[in-house]
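Single chain ahead, written as structure tokens, the form predicted alone.
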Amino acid sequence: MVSFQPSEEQQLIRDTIASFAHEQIRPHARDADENGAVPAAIVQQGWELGLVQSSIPEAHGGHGDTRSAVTGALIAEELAWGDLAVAMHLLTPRLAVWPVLMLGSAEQQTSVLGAYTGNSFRTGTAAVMEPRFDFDATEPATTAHRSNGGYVLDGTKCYVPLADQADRIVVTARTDGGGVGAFIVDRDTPGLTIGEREQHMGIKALATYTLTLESCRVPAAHRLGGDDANVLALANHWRVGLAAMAVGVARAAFEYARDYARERHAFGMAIARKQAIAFMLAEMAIEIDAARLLAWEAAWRIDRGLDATREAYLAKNYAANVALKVTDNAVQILGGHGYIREHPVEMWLRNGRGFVTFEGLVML
């Protein structure tokens, strides 16, 4: 049976992250968007919350907490409520850590995880998306061919967050057998080229890059989990994470528009009492709750080891549309005020528009 009540520990974590998002992230979100960078102080504060280290076993220097997709969804929603770009920046190291935790051998975990348990933010990332109209994470165009006891990677990736800072990048690629493999690629590996920073419509504070692999040779030991690894299981985690973040962005826009509608008066009454506005706000609230429930259901199945492919895909797809619809409605409710930078709803609309294209940008 699905429980809709977070445990006492989950609620404590949720409250802590919500407080951090409210007091630290949200006040700096606009400046981060304008400046194209996340303040270093917020990055460090986020690191000290243990967003990455908590899931690493004590044997490797981490906190040894139980990994939970439901807890991850709660965290992702609250962080994205504060600001989507900041949230993705803080969680980017998980893109390197979680694949190793889920698929890596004991030797790979020993080699990689300890680097992400220090006192300062340490960047790792993943390269999943590719710049082609028919991109499908289950059928990457990037290839990994066996050669002389190792693998040779060729292809192009895009939307790789913090690639210029990451020591290690987890790259997904199609193998000779037709499956999908995940490979740890050190940043200084010959054949790996990190391109210029990408310019986006939204998430402007998050630095993402294109990445080119040309005859990039990696040892066989850098393939996570070997030939039998279920790399596509990672997709369920990042899709639920993106769904939860879409809910966070939509909730931020809804709450702002609701409060604005209560305070804004026209023709002698608050516009929130106008039927057209009231119905729009009610529909926004319904859609947010529906998207959250879909994300929680998928996360709940992941935590129980059940196949969540269908649920994770539906949650991500539905939440992406909800984020766009709700943020657009928020701009509409504010009218002309919604189109100017004095109010954050235009920023949330730009950020929300990206969810329909995002894949592999966050890991629960």
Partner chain sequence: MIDFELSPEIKNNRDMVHMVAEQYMRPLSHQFDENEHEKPWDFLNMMWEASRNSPVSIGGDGKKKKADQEPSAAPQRGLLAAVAIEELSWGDAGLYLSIPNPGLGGAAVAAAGTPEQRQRFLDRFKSGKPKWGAMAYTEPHCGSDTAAIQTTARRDGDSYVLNGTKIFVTSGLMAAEKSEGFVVVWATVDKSAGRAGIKAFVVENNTPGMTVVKCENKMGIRASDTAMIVFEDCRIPSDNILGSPVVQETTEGFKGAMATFDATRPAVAASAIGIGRAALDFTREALEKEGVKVRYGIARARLTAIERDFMEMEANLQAARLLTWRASWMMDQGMRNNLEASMAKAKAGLAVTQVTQKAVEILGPLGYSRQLLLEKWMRDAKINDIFEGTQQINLMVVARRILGYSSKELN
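Positions refer to the first chain, counted from 1. None of the values given here were measured: they were computed from a predicted structure.
We do not show the form predicted together with its partner chain, though everything after this point is about it.
Novice: Counting non-hydrogen atoms within 4.5 angstroms of its partner chain in the predicted bound form, say which of S147, N230, S120, T138 makes the cut.
Specialist: Checking each option against its partner chain in the predicted bound form, the one that comes within 4.5 Å is T138.
Novice: Quick one: from L101, V152, A270, A115, grab the residue that has a heavy atom within 4.5 Å of its partner chain in the predicted bound form.
Specialist: It is A270 that has a heavy atom within 4.5 Å of the partner.
Novice: How about H63 - does it come within 4.5 Å of its partner chain in the predicted bound form, if we only consider non-hydrogen atoms?
Specialist: Judged by the heavy-atom cut-off of 4.5 Å, H63 is well away from its partner chain in the predicted bound form.
Novice: May I ask you to state whether Y339 is within 4.5 Å of its partner chain in the predicted bound form, using heavy atom distances?
Specialist: Y339 lies outside the contact set for its partner chain.
Novice: Is there a heavy atom of R262 no more than 4.5 Å from a heavy atom of its partner chain in the predicted bound form?
Specialist: Yes, R262 lies within 4.5 Å of its partner chain in the predicted bound form.
Novice: Please tell me whether any heavy atom belonging to D328 falls inside 4.5 Å of a heavy atom of its partner chain, as the geometry stands in the predicted bound form.
Specialist: Output for D328 is no: heavy atoms all beyond 4.5 Å of its partner chain.
Novice: In terms of non-hydrogen atoms within 4.5 angstroms, which of the given stretches 78 to 86, 205 to 213, 262 to 270, 91 to 99 touches its partner chain in the predicted bound form?
Specialist: Result for this chain: 262 to 270.
Novice: Any residue of 275 to 303 with a heavy atom within 4.5 Å of its partner chain in the predicted bound form counts; write them all down in order.
Specialist: Residues within 4.5 Å: Q275, A278, F279, L281, A282, E283, A285, I286, E287, D289, A290, L293, L294, W296, E297, W300.
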